[in-house]
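This document starts with one chain, in the form predicted on its own, laid out as structure tokens.
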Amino acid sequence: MIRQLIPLIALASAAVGQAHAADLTISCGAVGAELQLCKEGVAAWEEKTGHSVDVISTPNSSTERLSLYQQILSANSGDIDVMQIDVVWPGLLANHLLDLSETLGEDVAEGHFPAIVENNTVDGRLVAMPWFTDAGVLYYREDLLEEYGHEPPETWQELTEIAQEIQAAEREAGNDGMWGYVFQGRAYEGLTTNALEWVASHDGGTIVDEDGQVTINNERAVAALDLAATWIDDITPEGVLNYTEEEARGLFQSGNAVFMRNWPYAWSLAQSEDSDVRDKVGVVKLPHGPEGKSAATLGGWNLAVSKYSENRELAADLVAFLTGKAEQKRRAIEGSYNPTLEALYEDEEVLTAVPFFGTLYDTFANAVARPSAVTGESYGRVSNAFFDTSHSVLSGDTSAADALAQLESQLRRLKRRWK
């Protein structure tokens, strides 16, 4: 049974408490094929164990989903046993989550990317198991670049110029709906990941450095955001200011964009039988600025067990099954979700299904982390301030120089909370 949670304080507990007949509940995302793959994995565990699981669909916006989780957990509610949590949330939610190494054994995370295991370990407690990892990548129309004599861009300036050329030519040829570049531009966590890639790839830092110093107000960060602002209503539709992953994918997959920044999950959907761009798409690392190198923000999702669950050991067993090798391999092949198990990047069946898992391995293994560890419980405020600032620059409400000066002041005030 699938239930949709509504992210409102008044309804949060009631929404999950109405029908709790199943042995367990698990919250899954619904971006792309996420929900379907989750349901299939849960069904396999149900068949294996004889237990029943209620699958809950949560908001696609990670910002809204975090708010919902915080509402439920702060009420000490056990209505959701297993939670799908973002890679930047372990520190925020750790006090409400079960230590899985204690329940499943010290070696439960063996073989997973060490950096993700470390990310999910808070005060010596493994509060979440790695499920799939992510890093931003650049999708491009192979057929169009070949037709117009271009290789995939290595710099953001090259992307801008190629996008302008092909967009103009395609519109002149009759495709009035063609755009050059789409990405995630809504004021939410997705814009934090995009804007961090622009800034880091210009060698402008990562908002806050590993020592907790605010570094965002610098000339290279200004140049990165100023360039991105020029894309709006030029090579990028103004509507991108309200795009999440799925809106960007929808435009690209309909054949109306030359380039798209998104996560690896979009590959299997772009290659599906009903896709207008099937067999016309390539994937490469993201471009970089004049100074700097390609930077892809580390993403990914993990599975955690609420310490308020009435069936902790059963919930932990479900987590172990879903994050195990067989299930991660199935998800990689069927949905192009990046495994967190290093061995699967050498698996022939996985690499046949998603070739760029091999060619972009370094991108996934060395992705740029958001400053969630150093800012701790203040990360949500830091990210909100950053994506709001970036959105105001993209919207043309302020210059990048003025916006980042204001952001620096705002983050310095917040710094007192994470010192």
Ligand code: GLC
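We number the residues from 1 along the sequence you see. Just so you know, these numbers come straight off a predicted model, no measurement behind them.
The same protein also has a form predicted together with the named molecule, omitted here; what follows describes it.
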Exactly one residue in E170, E197, D79, D134 has a non-hydrogen atom within 4.5 Å of the named molecule in the predicted bound form; which is it?
D134
Listed residue (W156, W301, W179, W267) with a non-hydrogen atom within 4.5 angstroms of the named molecule in the predicted bound form
W301
Interface membership of S62, the named molecule in the predicted bound form, 4.5 Å heavy atom rule
yes
In the predicted bound form, does N120 have a heavy atom within 4.5 Å of the named molecule?
no
With a cut-off of 4.5 Å between heavy atoms, is V87 one of the residues that contacts the named molecule in the predicted bound form?
yes
Answer for Y188 alone: is it within 4.5 Å of the named molecule in the predicted bound form, judged on heavy atom distances?
yes
If contact means any heavy atom within 4.5 Å, which of 324-332, 95-103, 229-237, 292-300 contacts the named molecule in the predicted bound form?
292-300
Which residues, if any, of 192-220 lie within 4.5 Å of the named molecule in the predicted bound form when only heavy atoms count?
T193
